[in-house]
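Below you will find one chain, with nothing else, as structure tokens; this is the form predicted alone, and questions on how it binds or moves follow later.
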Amino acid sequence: MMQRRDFLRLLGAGGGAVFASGLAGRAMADDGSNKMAGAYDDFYFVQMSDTHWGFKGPANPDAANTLKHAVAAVNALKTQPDFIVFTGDLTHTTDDAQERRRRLAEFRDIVSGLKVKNVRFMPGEHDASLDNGAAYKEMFGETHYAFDHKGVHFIALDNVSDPGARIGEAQLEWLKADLSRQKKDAPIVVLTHRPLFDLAPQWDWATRDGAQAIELLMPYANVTVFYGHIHQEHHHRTEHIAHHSAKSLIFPLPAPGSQAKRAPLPWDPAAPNKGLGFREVGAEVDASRYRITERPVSAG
């Protein structure tokens, strides 16, 4: 079990994307002793995003190795996470259905080298928008799902399989039903690929029916959204709901709306991993506070 002193040391690290949760139940045991009743263990998970396996171009001449470096970096963590989640764009887009499956299979083989075997996946539009997620589902299963881990309810939403960048009525009904089983003060973490709010619609940095998902989430007091897609760290609030984007593991993109066209930032041979990373986020369930620490791609 990860001890609190190690947990706090993790939170003090610098660099690139991970979710660490320090969960402590405060209820007294039935016999009145000081033993914690239903106490939660500290835990953390790693969020990795936008690996774009299969990309080739000047934005990252070392694209064939960046994902492998990131896997090595996570494997080198002194305290291994409870689980790892990839928040979309596992592969780079291709019109060739056979090539899409080949890239997804290669990605799967590379990340199988992670020490942690509890790995969860979500598609990005590069993986799923051209075939409504068919190839992705063959490799990784459903594109949206929910699970509970040590006191936190996690919801993975698919806002990419629809080529129109919508969650869709059926999935919104599923979300409504899932939320109806949660208490209004339950700690909830939502995982998406695209942002649920209108960050930069002209750059496809939005979800067309994201406002409907936020409306369903709004009655719940402790909701945090982690997403990818925009290849950079960004923080936003929709009233009490916090949204945090993760860096990419292939190339960084410019700040939202900062230039006429969205294009990768130029690769710097003197700092090849600049702008790339994975995330560490610390949480305490009682106060639903999240502390984010960025980690670099390379293990050393």
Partner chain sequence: MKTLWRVVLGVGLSGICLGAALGVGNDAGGEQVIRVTAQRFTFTPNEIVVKKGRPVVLEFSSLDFVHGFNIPSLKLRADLPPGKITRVRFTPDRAGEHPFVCDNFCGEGHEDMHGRIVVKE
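The structure presented is a predicted model; accordingly, all values stated were derived computationally and were not measured. Residue numbers count along the first chain shown, from 1.
This next part talks about the form predicted together with the partner chain, which is not shown.
Exercise for review: Look at the stretches 106-114, 70-78, 217-225, 123-131 and give the one with heavy atoms within 4.5 Å of the partner chain in the model of the complex.
Suggested key: That would be stretch 123-131.
Check your understanding: Might Ala271 be said to contact the partner chain in the model of the complex, defining contact as any heavy atom within 4.5 Å?
Key -> Heavy-atom contact with the partner chain at 4.5 Å: absent for Ala271.
**Study point:** is_contact(Arg102, the partner chain) in the model of the complex, heavy atom dist at most 4.5 Å
**Key:** Contact with the partner chain, no.
**Study point:** 4.5 Å heavy atom contact, Gln202 to the partner chain in the model of the complex
**Key:** Judged by the heavy-atom cut-off of 4.5 Å, Gln202 is in contact with the partner chain in the model of the complex.
Review point. With a 4.5 Å heavy atom cut-off, would you call His144 a contact of the partner chain in the model of the complex?
Key: Contact check for His144: no, nothing within 4.5 Å of the partner chain in the model of the complex.
**Study point:** Interface residues of 260-279 toward the partner chain, as seen in the model of the complex [heavy atoms, 4.5 Å]
**Key:** Heavy-atom contacts within 4.5 Å come from Ala260, Lys261, Arg262.
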